[in-house]
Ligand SMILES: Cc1cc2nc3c(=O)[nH]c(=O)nc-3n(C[C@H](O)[C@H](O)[C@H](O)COP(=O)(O)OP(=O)(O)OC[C@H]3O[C@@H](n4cnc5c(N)ncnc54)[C@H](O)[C@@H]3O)c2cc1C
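One chain comes next, on its own, written as structure tokens: the form predicted on its own.
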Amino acid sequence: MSATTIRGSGEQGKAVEYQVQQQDIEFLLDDVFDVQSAWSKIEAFADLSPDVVKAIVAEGGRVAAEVMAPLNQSGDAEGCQWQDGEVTTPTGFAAAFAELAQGGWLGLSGNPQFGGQGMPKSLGCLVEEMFWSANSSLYLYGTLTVGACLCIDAHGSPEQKSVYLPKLYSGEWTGAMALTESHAGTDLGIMRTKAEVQSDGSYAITGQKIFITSGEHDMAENIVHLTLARLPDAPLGSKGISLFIVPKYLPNDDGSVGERNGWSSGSLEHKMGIKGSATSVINYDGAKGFLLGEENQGLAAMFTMMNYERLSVGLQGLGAAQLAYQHSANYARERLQGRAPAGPQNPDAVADSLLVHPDVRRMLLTQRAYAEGCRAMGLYVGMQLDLEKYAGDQRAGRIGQLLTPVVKAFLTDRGLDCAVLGQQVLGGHGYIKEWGMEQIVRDARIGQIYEGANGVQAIDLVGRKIMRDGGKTLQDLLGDITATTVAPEFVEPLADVCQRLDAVTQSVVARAQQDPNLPGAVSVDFLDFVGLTLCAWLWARMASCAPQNEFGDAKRATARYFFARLLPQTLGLEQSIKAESAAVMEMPETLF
């Protein structure tokens, strides 16, 4: 199937192009994972035909191509504007978001009882990547809304679900997540926003939040904040946090918007990237809130939304990697510069293309290996979440939970890496605004920071998930990897990396019993080790079932590059993880 071309709006140079990877997506769905077979065993997806799936992917690509992408560079240049508490989004954003909403994309995986379409999360992962690639600033308004829906669906009362979910799925209302305070970022236990119960059973919310993505804007008639606050008699720390629904306008009984609530945008943050996304300081002045879930259980409830956002932000990193690769590969094909080491390959021209240079190929193959490997990883994790939710597969649920921090951190780290490599391929043009690559770099950077910084994801992986079960879930995953039938050339290196990861995992579990600093000292390296191992497995699977044509030839060549040039990073990571925490901790604080 032909690819859809997405073209940005650069005024000079060559505009950024993005091609929806329809062929690769169908290859993953049909040949690598055979998702139709898996879905046919789940009652909720039994009638989901391959034709419907392909139509959803194609239409998602059209929305990305024709609606979202043309506003990417212009939205970055214009940014959002703040005036007396009112926020205006870039020209065209409101109309584009309306089309995104009217197409049902915000409710793609939503609860059908309240207007969602009930599609698999794994299918949603593939669609989200396209939206992130096309316009990350615009899609941020969507992903926060989807996350709010998940949280309300999981923890809301029947009345709250009936009031809020249909409006959020339809995009008439949007969602936002209000956690961070100026003194309390990752450490939410020291937050100060307070909630006081009122005679009507509602709560008065007072305090200030910062970095609130989509907290105020002009693209929906109502904005629903899910806000963390502390009750007066709440226990200290994270065990004393409650979660509240705090809408911009209070809903009337008929579902229409009523009176304005007591919160406002105090200012917009001035950011490095994602400038079309409105990121506000929000001031709550006795705003009316409604308890979501149980008192003092707000952090646990919020993590329903946070875990979705972490997977989604990982896909944002993937989107950046894919966009950067395509832009730099197109540039390298067309840019004539120098001659091939073995002699002229295009003697009739003044120079050969950049593709004749080994180092340029190194950069492009690295981008491609990570982009396509991480697409498979995102789909795999989405499948585990589907199996847990719809088939009650607890083993798949444990693997999905184990890999959620890996997807968030590994994909966003590689997303920035690939964006910087793309910028390097373009050289000076990569540093010039009109060519669009420098925007990809700026937009990609935030993925490593928000929704839990990547260092925090790594600590979650090692300090919580690995230590909690002694590495048992990871061993189950490694067992799946080594039991997979792959081409002979990949069997030995795949078995070797799995054996080394298992050994280093058991070493960390044992050493951490006497050294509480060890999990934090080795966690980032450990997460990268897991990510590279998972990528290697997926590349072996893709190469082993790829067709005998140009598409398959590219898969096999990229897989061999990954195993030869990228997987060996695990050798250095292994040695780093074996080091004691003293290497990190022995320097006194006074010497920093």
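From 1 onward, residues are counted along the sequence shown. As the structure is a computational prediction, the values presented were derived from the model and not from experiment.
The same protein also exists as the form predicted together with this ligand; that form is not shown, yet it is the one meant from here on.
Chemist: Answer yes if any heavy atom of V456 is within 4.5 Å of a heavy atom of this ligand in the predicted bound form; otherwise answer no.
Modeler: Although this ligand is absent here, V456 would touch it in the predicted bound form, with heavy atoms inside 4.5 Å.
Chemist: Please determine whether T213 contacts this ligand in the predicted bound form, using a 4.5 Å cut-off between heavy atoms.
Modeler: The answer is yes: T213 has a heavy atom within 4.5 Å of this ligand.
Chemist: D386: heavy atom within 4.5 Å of this ligand in the predicted bound form?
Modeler: Output for D386 is no: heavy atoms all beyond 4.5 Å of this ligand.
Chemist: Q345: heavy atom within 4.5 Å of this ligand in the predicted bound form?
Modeler: Because no heavy atom of Q345 falls inside 4.5 Å of this ligand in the predicted bound form, the answer is no.
Chemist: In the predicted bound form, which of 198-206, 448-456, 286-294, 510-518 comes within 4.5 Å of this ligand (heavy atoms)?
Modeler: Only one stretch qualifies here: 448-456.
Chemist: Could you tell me which one of V407, M437, V246, M177 places a heavy atom within 4.5 Å of this ligand in the predicted bound form?
Modeler: Filtering the options by heavy-atom distance leaves M177.
Chemist: Would you kindly say which of T279, T143, S122, T366 lies with a heavy atom within 4.5 Å of this ligand in the predicted bound form?
Modeler: Selected residue: T279.
Chemist: At 4.5 Å, heavy atom to heavy atom, what parts of 324-362 sit next to this ligand in the predicted bound form? List them in sequence order, or say none.
Modeler: Nothing in this stretch is in contact.
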